[in-house]
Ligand SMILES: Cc1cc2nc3c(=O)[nH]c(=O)nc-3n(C[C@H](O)[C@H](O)[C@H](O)COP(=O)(O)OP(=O)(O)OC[C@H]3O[C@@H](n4cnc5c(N)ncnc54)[C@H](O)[C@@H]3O)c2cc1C
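Presented below, as structure tokens, is a lone chain in the form predicted on its own.
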């Protein structure tokens, strides 16, 4: 494994950072307080080409094909340059769990219809897997798709769906054959306005408040057969295909945020004076800074390893679980340390330090809880 970056990749990372600092919001206090999604920032990212990083260039405004490593590096750069943790989280949810499955499993007609609108920012899509009684236990899924003349009838409810309240269509998992377990899951592209498809209002959350999240309900919802993604029963393969890339990319932005936190903390503790000297010279403070640096560097190593494995077409189930566990929990711990380093200043909403902690907590829950990641790791190593 060679974790060194090419000059082209380094320049690309810098371009993304410069773009984020120049074109995205300078503060997100109001958006966070009001649970407001910035369509303006979303469209700016699309125009810059970020939403197209997960699909072939023919479906985006990319001038050349972008490799997985460069895409992950771009997401790290976005997390560093953008103060809104919700924006890269939402982008990754669409890029890797909607766009990538369509690009890999979709028909040419589906690719031509959906991908250009997604990568241009014209449409927004959600990945509808989780249900009220089927979160980590996906095999308890109760949404059904019953075969009928010309298509399927969907019935069921999806829960805590990222971008659900504002989606133009949803990539929906449903049971088509309950007798064969995981091989009985199928996937459907259900468009807004389809009779029987309704969405809930946005739900207020502890963190990631700039990302709309809600429920999707399907009541005798007819979906044409041409809107089934992949073969009937391919749902398990589809979700597994994008899972490792999704975890890798969404946590890349957290690595970028952790680097931003560290730099801000160093600047503050060097400037802040108590008892006649910089607080950074007190051992308890300097030790926290050292811990933040250690978490950042170990997180980068796992991130780059998983990205490298995926770039080589290799499986990374174990490494992906360790990555998800390590970075999500590191981000929480470093966010707490960042607040402590800033003292009362860091506790105030107006200074945008405390928001990282509220955003970070979601990372130990979404895309598989920390408990589930530990179970995966222990099972793979033979327990």
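Since we're looking at a predicted model, the values are computed, not measured. Residue numbers count along the first chain shown, from 1.
The same protein also exists as the form predicted together with this ligand; that form is not shown, yet it is the one meant from here on.
> Quick one: is residue 367 in contact with this ligand in the model of the complex, heavy atoms, 4.5 Å cut-off?
Replying inline: Residue 367 belongs to the contact set for this ligand.
>> Can you tell me if residue 372 lies within 4.5 angstroms of this ligand in the model of the complex, counting non-hydrogen atoms only?
In response: So residue 372 counts as contacting this ligand.
> According to a 4.5 angstroms non-hydrogen atom cut-off, is residue 161 in contact with this ligand in the model of the complex?
Replying inline: Residue 161 belongs to the contact set for this ligand.
>> Please tell me whether any heavy atom belonging to residue 295 falls inside 4.5 Å of a heavy atom of this ligand, as the geometry stands in the model of the complex.
In response: Judged by the heavy-atom cut-off of 4.5 Å, residue 295 is well away from this ligand in the model of the complex.
> Of these, 308 to 316, 128 to 136, 226 to 234, 143 to 151, which stretch puts a heavy atom within 4.5 angstroms of this ligand in the model of the complex?
Replying inline: Contact criterion met by 128 to 136 only.
> What is the one choice in 169, 114, 80, 89 with a heavy atom within 4.5 Å of this ligand in the model of the complex?
Replying inline: If I apply the 4.5 Å criterion carefully, the residue I get is 89.
> Which residue among 213, 245, 185, 221 has a heavy atom within 4.5 angstroms of this ligand in the model of the complex?
Replying inline: That would be 213.
>> Going through 174 to 211, which residues have a heavy atom within 4.5 Å of this ligand in the model of the complex? Please give them in sequence order.
In response: Going through 174 to 211 in order - heavy atoms within 4.5 Å of this ligand in the model of the complex - there is one hit, 208.
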